[in-house]
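One chain comes next, on its own, written as C-alpha cells: the form predicted alone.
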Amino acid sequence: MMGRSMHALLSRLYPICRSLTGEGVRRTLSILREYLPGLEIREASSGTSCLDWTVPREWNIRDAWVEDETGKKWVDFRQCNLHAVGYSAPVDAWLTPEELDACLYSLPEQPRAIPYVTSYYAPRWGFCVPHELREKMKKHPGRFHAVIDSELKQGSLTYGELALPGETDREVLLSTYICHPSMANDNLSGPVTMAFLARWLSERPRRLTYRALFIPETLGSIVYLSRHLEALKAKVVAGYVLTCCGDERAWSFLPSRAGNSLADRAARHVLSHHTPGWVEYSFLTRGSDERNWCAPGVDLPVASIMRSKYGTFPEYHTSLDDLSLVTDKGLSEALEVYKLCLEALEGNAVWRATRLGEPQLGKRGLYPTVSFAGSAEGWVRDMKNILAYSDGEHDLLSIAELVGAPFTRCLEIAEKLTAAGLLAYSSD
C-alpha cells in the first residue's frame, strides 16, 4: 500500500521538465510541499557566488521540435522532455540534415534510447534522439526546421528545506536532488522516498534533529554549503544522499569519504541484516552530492544507500529509465531500509552496567528459572553479551556488531535492562 502511494507521487512528478533552475523545479517543490507542509522554498539569485561556483541564469523551456518541409515532426519535446539538451539556448532555424546532425546526441549502443544531455555552463543548443532515428534523419532529402522555445534570464536557483527539530541539536542531514527531467529511478525515486521518510519522521518523537534538503544536484549542495557550512560542521553527526531508490535489482552502498562515520556504520549494519547480497562501492566511484558533503574542508559524515547505483544500470540517464523501471516494492523497501537506519541513529547511545560482576537475571524475570541445554541461547545470550560490553565505552551500534544481532533487537534488550536497573544511560 505504501509503495503504491509512493509510485503515485512519482508518476505525478514524472512529466515535469526539471533542470538546474526554473519553473519545473518550483512546480516539483510545490507538489512535494503538499506532503510536507513545513517545506520552506529558498532561492539563490543568478550571479550569486557560492564557493568556487556562480549561480547561472535561470532556464525555462516551453516547447521544442524538429520538423521537415512537409510539416512532419521528427522530434517532439512534448512527447519526451529529454529530447531537448538541458539549458539549450533558443533557436529557430532551417538546417540541412548534415547541419542538424552536428547538434544531435544519440547512443549507438542503445539505438532506441533517448539520452539525457545537459550544457549548463557553455551556451549551446541541441536535441537528443534515438540513434536509429538519427540515422534516418541523416538520409532525409530535404531540410529540417529546428525550434527550441526557451529562455535564459536573470532569475534564481530554487531548493526546498525542511527542518524537524529534536530533543538535541545533533543533526542528521538528508539530501536528494530534484534537477532531473523525466527519469524515474535517477532521480524521482530519491525525492519521493525522502518525502515519505520525512513525513514519517515528522509524526514520531525525535531525539535527533533532521534536515531534509531537496536541491539541484551539485550546485544545490554548493549553494547550501556556502550559506551554512559552519553550522553543518558543528551539528551534523550523520547524513545520507537519497538517490536511485526505486528498482528491485540490487542494494548498493557508497560510504562517506572517511568510510567509518556513524552514517557508514548504521548503513552497513542495516544492509547486512536486512538486504542479502548488497554491494559496497568505493568512495572513488562517487558521483552525486556526496562529492560536496564529503569534500576536504567540509568533511560531513554523509553516505548513500541505493538500489542499483547510478551509472551501473543500463537505463541510466536515458528515456529507458521510465515508470516501469521503478516499482511499488522497490520504493517501499528503500523506505523501510532508510527507516531502519534512522532508528539506529536515534537509538544509538552508550550505556554502562550498574552492577559489579554478572547480575542475577532470574530474580528480575530476565532468565529462565529452569536451566537446561540451550536455555541460555538466543535472547538470553544476546542480553548477557550486551551486558558484557556495556562498559561506558562501546556504543550500542558497535555492540550490535559484536553480538551479531540486528540493532532493533539490541535496543529492545538494552531498554529492558535499563528498566530493570542493570544498565544506565551514559552518553550519546
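Note that the structure is predicted; figures quoted are calculated from it, not measured. The numbering used is simple: start at 1 and walk along the sequence shown.
Note that the form predicted together with a further copy of the same chain isn't included here; everything after this is about it.
Name the stretch, out of 263-271, 235-243, 351-359, 132-140, where some heavy atom lies within 4.5 Å of a further copy of the same chain in the predicted bound form.
Stretch 351-359 is the one.
Would you classify residue 292 as touching a further copy of the same chain in the predicted bound form, given a 4.5 Å non-hydrogen atom cut-off?
The answer is yes: residue 292 has a heavy atom within 4.5 Å of a further copy of the same chain.
Spell out, yes or no, whether the shortest heavy atom distance between residue 63 and a further copy of the same chain in the predicted bound form is within 4.5 Å.
Judged by the heavy-atom cut-off of 4.5 Å, residue 63 is well away from a further copy of the same chain in the predicted bound form.
Does the 4.5 Å heavy atom contact test between residue 231 and a further copy of the same chain in the predicted bound form come out positive?
No, residue 231 sits far enough from a further copy of the same chain in the predicted bound form that none of its heavy atoms falls within 4.5 Å.
Verify the contact flag for residue 54: yes if a non-hydrogen atom of it lies within 4.5 Å of a non-hydrogen atom of a further copy of the same chain in the predicted bound form, no if not.
Yes - in the predicted bound form, heavy atoms of residue 54 and a further copy of the same chain come within 4.5 Å of each other.
Ok, 96, 324, 79, 285: which has a heavy atom sitting within 4.5 Å of a further copy of the same chain in the predicted bound form?
Exactly one listed residue reaches within 4.5 Å, namely 285.
Note which of 340, 113, 222, 197 lies within 4.5 Å of a further copy of the same chain in the predicted bound form, where distance is taken over heavy atoms; exactly one does.
The residue in contact is 222.
Using the arrangement in the predicted bound form, list in sequence order the residues of 247-262 with any heavy atom within 4.5 angstroms of a further copy of the same chain.
Contacts from 247-262: just 257.
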